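This document opens with one chain alone, in structure tokens, the form predicted alone.
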């Protein structure tokens, strides 16, 4: 699948309308917090774990390559997951032109506390074997340090190491704080959005500022409260699609960029095969009405950043 729709960000950069978030095999925020890499809390522990199983590494790399083959061009990554080496390996092995990809990475919470923003980005660039990142974000608005993180990110942006800047998991008050200290408005805010948690007010706020919203946990982690709904099953049957495809199409028609994670080739193809039909306005309203303001992830105003 080629030539998927794109969206123009507030600085003129074009971004694909759907993203693949590969995460990393073996990663769990609930695992032991011991680490040896001062720039990434989990990377060496995770790599040491999975490198004992080359098959897992190969499967991960091949899954990323397959995501390119089915049409994904936006890769959503984070320094929380590692140094990007496996992403770089997938790009090299696939033979795809790096300039056709839209690579995102995020600054981890650990790096924000340490203040090693520049070193972290350079580590990601080396791992991914590229000299620029398309979108640089911070992973969470870590209390007392995210504003300083943003200032350092702006320096890197102005030096040309990233084509756009974004934030993740930010409420309105977080963005207002950034705007008090800097003249660059984020191009993207990535936060939890799905039909169980539609976040209409925050989306509207971002839209009024020209901030593009990316929705993570776009499928609500396959929550039964969503995927067992007869209404969604009926809509899926009408279009000969899966419930997941209907939910992703709902994101697209709400002008959101859904980020999905699947290393399964069949699921990857399903996730991106959502541009050959259109939901009616009544169906969009029906899905909007599913909202029960239920998170399946963390509230950035009420969470422990040390486990994220």
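Positions refer to the first chain, counted from 1. Keep in mind that this is a model prediction, so the values were computed, not measured.
Not pictured, yet referred to below: the form predicted together with a small molecule.
Here the chain stands alone, but in the predicted bound form its contact with the small molecule, taken as any heavy atom within 4.5 Å, falls in 161-169 among 161-169, 93-101, 176-184, 113-121.
In the predicted bound form, residue 16 stays away from the small molecule, with no heavy atom inside 4.5 Å. Contact check for residue 59: every heavy atom lies farther than 4.5 Å from the small molecule in the predicted bound form. Residue contact with the small molecule in the predicted bound form: residue 66 places no heavy atom within 4.5 Å of it. Taking the partner from elsewhere, residue 220 is found to have a heavy atom lying within 4.5 Å of the small molecule in the predicted bound form.
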